[in-house]
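The chain that follows stands alone, in the form predicted on its own, written as structure tokens.
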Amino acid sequence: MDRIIRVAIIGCGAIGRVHARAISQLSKAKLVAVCDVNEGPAQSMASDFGSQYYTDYHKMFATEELDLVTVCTPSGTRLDICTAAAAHKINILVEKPLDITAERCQQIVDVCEASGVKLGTIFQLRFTPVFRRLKEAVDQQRFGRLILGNAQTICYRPQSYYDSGGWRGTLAHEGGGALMNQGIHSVDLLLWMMGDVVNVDAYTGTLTHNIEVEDTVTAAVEFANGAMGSIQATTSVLYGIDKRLEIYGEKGTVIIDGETVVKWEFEDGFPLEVLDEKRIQLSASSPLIEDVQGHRDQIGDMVDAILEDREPAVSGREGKKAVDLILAIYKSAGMI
């Protein structure tokens, strides 16, 4: 009989339920346990998905035979959980961001490598067909020399969104605001396409919310390959566009709004060749994820990485890169 990967989820809020729905669609994985410090959400999710529930992850790790744990707790809580999971030789997949400081991210990477467990970071947009095709164009040098790379996350969150959890909008628990929480996906995509950043000049502001972190940020960046670019993120624009990615080269131009291609032009005619899938676009004004396909594909890759004994497609080290750039932007702006 083929091996089934036994999975647990820590954190039974909205994103934990996205993970649960995604896991339920995988033939090689089974959700066997969930954990949350609040018993109500844990019990409810366990009932909905046919698993055991816990309020103490240490007890869960000691009781259950687990191959993988996905971590869906508030952003600044991941280090201790990952350290405990690694001590039990459990592979780990962490929701973005990996953690909220460079030091904590590095500690997570180090403890997993020392324990010999696999570590992945959720950046589900990397599994979207249009972005995978764009990455092929970059890797095949269809753009020629890369000139400009721009990433925007222009969305809206009401004050009630930040008031709904004591950790939201705080530097200590969320590590930042619009960029660390909403914009990090665009930051990751930009780094994936354009490569490392060597210089940053940034501005941040808190323009429409009562929070201690930024709700608006803009940054100019210089990439190691000599290309230039910009990063913008906000949760203050009522009629936002969510995400926009622009990649410009001497031989090609691509502009993508959300997952919709606005422009795809290459000198050599490199075709898009992506099926017109009926996917639910993320909303610029809602934090809820309705389409779990990206999470399903990434968790499925993590399951395969365990079965095949290889690195996951988005490793912990890859996850740290996005956090490092965001922190560099915050530092440039004088926020940290």
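Just count from 1 along the sequence shown to find any residue number. Nothing here was measured: the structure is a model prediction, and the numbers come from that model.
Absent from the display: the form predicted in complex with a small molecule. The rest refers to it.
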_Taking any heavy atom pair closer than or equal to 4.5 Å as contact, tell me whether Lys118 reaches the small molecule in the model of the complex._
no
*Should Gln124 be counted as a contact of the small molecule in the model of the complex, where contact means heavy atoms within 4.5 Å?*
yes
*4.5 angstroms heavy atom contact with the small molecule in the model of the complex for Lys96*: yes
_Non-hydrogen atom contact Leu327 with the small molecule in the model of the complex at 4.5 angstroms_ = no
*Tell me, please, which stretch of 101 to 109, 211 to 219, 141 to 149, 163 to 171 lies within 4.5 angstroms of the small molecule in the model of the complex when heavy atoms are compared?*
163 to 171
